[in-house]
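Form predicted on its own, single chain, as structure tokens, below.
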């Protein structure tokens, strides 16, 4: 077990989500930054689908009740094990009663903690991901006990590490495909959409990111249709909304762009006020 001594700002158990249940109106959910989460799992030899702990801006305080191996990827929340700084993107041994702490982020927004064998929380609809209206809780609670597989930390080398691509945090380019209603935009709208810089508004969470700048919009609403994480919707007021992992499964606003999966990962690490620019790429 791992006991939660402090929850952090917004910490939740996530894996790769429930994409096969979208047809029933269930959000995909899952890790906001699949690149970082998968890296943490790969370091430990876990499956890419194993559950990790996602932490946002401020990390949790955790007490290990069993021996294990861990790795941390994504945003650097200055992790410490028993008050000693530990490296990111490296396999670390943790023993019973060790305390893992995190500070404020110095780069990126979301950090991922993986343990050997993955977190063994309850599976609902094929996933361990916490999600509103699907699971009993959406974030960790004080004194939660998270089940893990007890693991002998000496059974494998503990010096494995990988190089993390810092462009993941620093790039402002967001690769997108044309959305189903892209061609309903006029020439001027397309020019502004693809040649302007946008910034993330304070209205951002696991469901959606709104952008500050508006795009003049006289398009008719569409019949309620399917949407996905990464769908860019254009509201009647001209607001651009980028749907994220916990988004609804249908919507009635024109779907003018669709983020590439890698762009969705990059966007999830950006803060309020950060700038971005859409980069249109062809379907392959």
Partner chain sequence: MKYKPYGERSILIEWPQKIDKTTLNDVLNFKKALQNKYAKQKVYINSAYCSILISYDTTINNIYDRISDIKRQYSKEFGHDKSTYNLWRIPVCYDDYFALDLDELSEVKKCDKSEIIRRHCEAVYTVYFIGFLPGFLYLGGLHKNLHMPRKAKPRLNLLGGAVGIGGQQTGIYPHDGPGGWNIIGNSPVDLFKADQDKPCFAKAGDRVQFYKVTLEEHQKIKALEATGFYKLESEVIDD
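Keep in mind the model is a prediction, meaning the values are calculated, not measured. Residue numbers count along the first chain shown, from 1.
The same protein has a further form, the form predicted in complex with the partner chain, not shown here; the description that follows concerns it.
- Within this chain, residue 231 lines the site of the partner chain in the predicted bound form, having a heavy atom no more than 4.5 Å away.
- Proximity of residue 215 to the partner chain in the predicted bound form: non-hydrogen atoms within 4.5 Å are absent; the residue sits far from the partner.
- Although the partner is absent here, residue 165 is not a contact residue: none of its heavy atoms lies within 4.5 angstroms of the partner chain in the predicted bound form.
- Under a 4.5 angstroms non-hydrogen atom cutoff, the partner chain in the predicted bound form lacks residue 103 among its neighbouring residues.
- Checked against the partner chain in the predicted bound form, the candidates 240, 244, 39, 26 yield a single residue with a heavy atom inside 4.5 Å, and that residue is 26.
- Judged by heavy atoms within 4.5 Å of the partner chain in the predicted bound form, the contact stretch among the candidates 139 to 147, 80 to 88, 104 to 112, 180 to 188 is 180 to 188.
- In the predicted bound form, no residue of the candidate spot (8, 12 and 205) has a heavy atom lying within 4.5 Å of the partner chain.
- Residues 124, 125, 133, 134 are the members of 105 to 136 with a non-hydrogen atom no more than 4.5 angstroms from the partner chain in the predicted bound form.
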